[in-house]
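Single chain ahead, written as structure tokens, the form predicted on its own.
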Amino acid sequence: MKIAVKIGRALGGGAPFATVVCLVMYAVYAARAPSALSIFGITNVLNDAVVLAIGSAGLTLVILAGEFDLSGVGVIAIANVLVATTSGASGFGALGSLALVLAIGLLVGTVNGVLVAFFQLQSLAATIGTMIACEGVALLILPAPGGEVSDKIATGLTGDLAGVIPVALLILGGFAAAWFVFKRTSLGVAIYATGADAQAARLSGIDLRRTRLAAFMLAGLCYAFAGYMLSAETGTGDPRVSSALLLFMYAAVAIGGTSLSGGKGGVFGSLVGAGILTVLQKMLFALGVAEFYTNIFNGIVMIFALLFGNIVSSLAGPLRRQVAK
């Protein structure tokens, strides 16, 4: 029991429960589609999940700090069209376009952080504004779907190494490992403390403004990289990234056990939450559920995402108290 709780603490909140759900769903999917257990099948699922997972990871940081962020889809849209128009041989290349989109993501995150932390604007309202602005910029860069993504990006980030290890798995594993280290740093602790009780965090000496600013900046970087990965997946640019992606990001965060009130949860849970939503699509398709009903089920899942997050958090709480005794 104590070992299970320690694992739960390391992963963050309700992440262990979400992990079990994801594995069970994948088993059901694999039972109907045996190819799901092949390297190709696993790579396909990971490639479908990676954009949502990385975007959700960035959103988690802001939510842990007690704020909201709607600008993610706007940053993803800008990153997508920039990669589609600058990554070719006549542009900046793969690394150059990556540096460019990361700089854009950092800039948008900084703007969000300054508006919220220093100008005391409501995060929901401020990030709606930046989301709309980003979507407008994306349309200016690429008025209609098109462009072409460098083959180095498209093939290098969606394939596998030596036919064994999916590149997407390495990327997600890198995010998970970085999170396990980051959450123990002074900034990671400050983000948790700020979201849990801002007044107590301030009295303990934490600079709330810098902490919130840092959370938004890191989120912007994650959104930008998610857009980079989206470009690798699609091989082209589209200035109108579906608003459904934003809803799925919040659903992934909640399903992963992160409290939308802040201070509880973690990035690993959000990565798993993104996996659940992706595997759900695969599982329903394998079970022969019509697309019409699939969309209805997606809506139900997102509506109950908050409830699910509260349930897994409440289940994790008593276990933590047992260990404390």
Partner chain sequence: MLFGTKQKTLLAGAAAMLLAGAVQQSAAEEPHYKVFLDMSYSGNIWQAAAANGIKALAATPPYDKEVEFKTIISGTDVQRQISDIQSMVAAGANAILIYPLSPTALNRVIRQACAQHVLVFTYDSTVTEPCAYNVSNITARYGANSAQWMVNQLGGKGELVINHGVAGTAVTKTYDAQALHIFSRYPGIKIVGEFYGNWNDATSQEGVSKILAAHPNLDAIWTVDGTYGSLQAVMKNRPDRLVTIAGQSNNGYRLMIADPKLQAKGLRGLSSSAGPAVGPYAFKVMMEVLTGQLKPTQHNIEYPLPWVPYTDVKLCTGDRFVGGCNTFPEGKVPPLFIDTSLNGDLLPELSLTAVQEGKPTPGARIQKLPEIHYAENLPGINCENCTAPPDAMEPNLVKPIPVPK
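Residue numbers count along the first chain shown, from 1. Nothing here was measured: the structure is a model prediction, and the numbers come from that model.
The same protein also has a form predicted together with its partner chain, omitted here; what follows describes it.
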*asked:* Please tell me which of 241, 219, 253, 134 lies within 4.5 Å of its partner chain in the model of the complex, judged by heavy atoms.
replied: 241
*Would you mind picking the one in 232, 77, 101, 191 that has a heavy atom within 4.5 Å of its partner chain in the model of the complex?*
232
_Quick check on residue 88: any heavy atom within 4.5 Å of its partner chain in the model of the complex?_
no
_is_contact(residue 109, its partner chain) in the model of the complex, heavy atom dist at most 4.5 Å_ = no
*Interface membership of residue 139, its partner chain in the model of the complex, 4.5 Å heavy atom rule*: yes
*Determine whether any heavy atom of residue 195 comes within 4.5 Å of a heavy atom of its partner chain in the model of the complex, and answer yes or no.*
no
_One stretch from 88-96, 139-147, 205-213, 169-177 that, in the model of the complex, holds residues within 4.5 Å of its partner chain by heavy atom_ = 139-147
